[in-house]
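First comes one chain, alone, set out as structure tokens in the form predicted alone.
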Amino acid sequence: MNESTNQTVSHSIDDCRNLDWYIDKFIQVFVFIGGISAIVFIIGIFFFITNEGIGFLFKSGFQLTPHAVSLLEEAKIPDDTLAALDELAGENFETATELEAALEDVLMPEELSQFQALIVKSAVYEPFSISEFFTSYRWKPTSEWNPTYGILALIAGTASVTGFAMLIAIPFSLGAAIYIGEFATGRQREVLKVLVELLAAVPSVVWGFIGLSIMNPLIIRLFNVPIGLNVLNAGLILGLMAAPIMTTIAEDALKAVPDRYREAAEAMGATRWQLVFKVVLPASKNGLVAAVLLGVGRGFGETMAVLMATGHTINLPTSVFDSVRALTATIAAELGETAVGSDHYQALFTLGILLFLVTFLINLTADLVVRGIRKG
């Protein structure tokens, strides 16, 4: 009887071990497939954006402008000739001579001579150069006369809003994290943590509505400026958006400091503030740096709130009361109205590539800083 019972128990244990082994293997395979799928998905998105926008960076030469084509349409050119001109308007030519030769193949001799002045003065333009793309502030992709693609004002607008937001978010978020992690106790700490998490859950469009409907008239009234949709408005909104996430990560970093550090400092007679500034903060530098950089990434990549609170005006800001336009807001506002494959379409995807690279550099910087701190 005892032997039979022992065998039954032994088989039951073996069955449980086998079941646990299969469950562990299933979880490992599931996690592996999920991780690989996420990596492939992210790489696929990057290659899609790159494929759509990279061709814009290598455009060179001359084109027939849409304005010239529209003027030729008004001159009652035959439909088959107009169709050929529309196809020609999307092609690039290395020299103006090559473009004129292509026009000679499309237009009749009398038509070519009639519009020769138009072709020389307004129909030919140099569509793109990389230096102009990054150094020019003229972003006019829908101009019929001469479309231009300069993103300096967009970069300046994004940098100014993000920088001002970090000036607000960093002291508030770190101060809140220190108070919650080191000074608040019991129910007070739990209530504050819940409030911070609730602020982090507020949708960006709600923050944008606050900037548009509340902050806008308030800034106009307080500072006597003509419009309240500017760097100040967007920076305040973006700082409030980034602060909860930064506070949560910073508080986790402070909590990760071993208690023996605090106990040792208190045993040596350190006050609470001395413990925080001389022990806890230096020991949690890597986590605090990660929190700040995550806030920078959040600010740089935010779209809807920035679109609603900045005024969406192409401008090189000289003060916090200037309206600006951000890179992300430009993509969101214009991509749905562009023709697929057009220069404007490719330029917007080029902005997407730039955002990808900036995000990568922020993450790389965070990793290098954290590694350097740990090594030290």
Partner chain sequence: MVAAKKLEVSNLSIDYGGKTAISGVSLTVREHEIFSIIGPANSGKTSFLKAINRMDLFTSSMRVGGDIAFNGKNIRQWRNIYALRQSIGVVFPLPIGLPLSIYDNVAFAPRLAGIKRASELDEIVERSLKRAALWDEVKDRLKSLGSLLSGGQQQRLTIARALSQNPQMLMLDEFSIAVDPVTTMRIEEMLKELKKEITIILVTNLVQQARRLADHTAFFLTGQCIEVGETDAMFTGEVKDVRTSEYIQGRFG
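Positions refer to the first chain, counted from 1. Note that the structure is a prediction, hence the values are computed from the model and not measured.
One more form of this protein should be noted, the form predicted in complex with its partner chain, which is absent from this view; the next part is about it.
Hey, of 260 to 268, 219 to 227, 171 to 179, 196 to 204, which bit sits against its partner chain in the predicted complex at 4.5 Å between non-hydrogen atoms? Every other range fails; the passing one is 260 to 268.
Give me the residue from Ala283, Met304, Ala84, Leu152 that has a heavy atom within 4.5 Å of its partner chain in the predicted complex. Only one listed residue qualifies here, and that residue is Ala283.
*Looking at Gln274, Ser213, Thr135, Gln188, which has any heavy atom no more than 4.5 Å from its partner chain in the predicted complex?*
The residue from Gln274, Ser213, Thr135, Gln188 that makes the contact is Gln274.
Please run the contact check for Val106 against its partner chain in the predicted complex: heavy atoms, 4.5 angstroms, yes or no?
-> Heavy-atom contact with its partner chain at 4.5 Å: absent for Val106.
query: Is Lys278 a contact residue for its partner chain in the predicted complex, using a 4.5 Å heavy atom cut-off?
result: Heavy-atom contact with its partner chain at 4.5 Å: present for Lys278.
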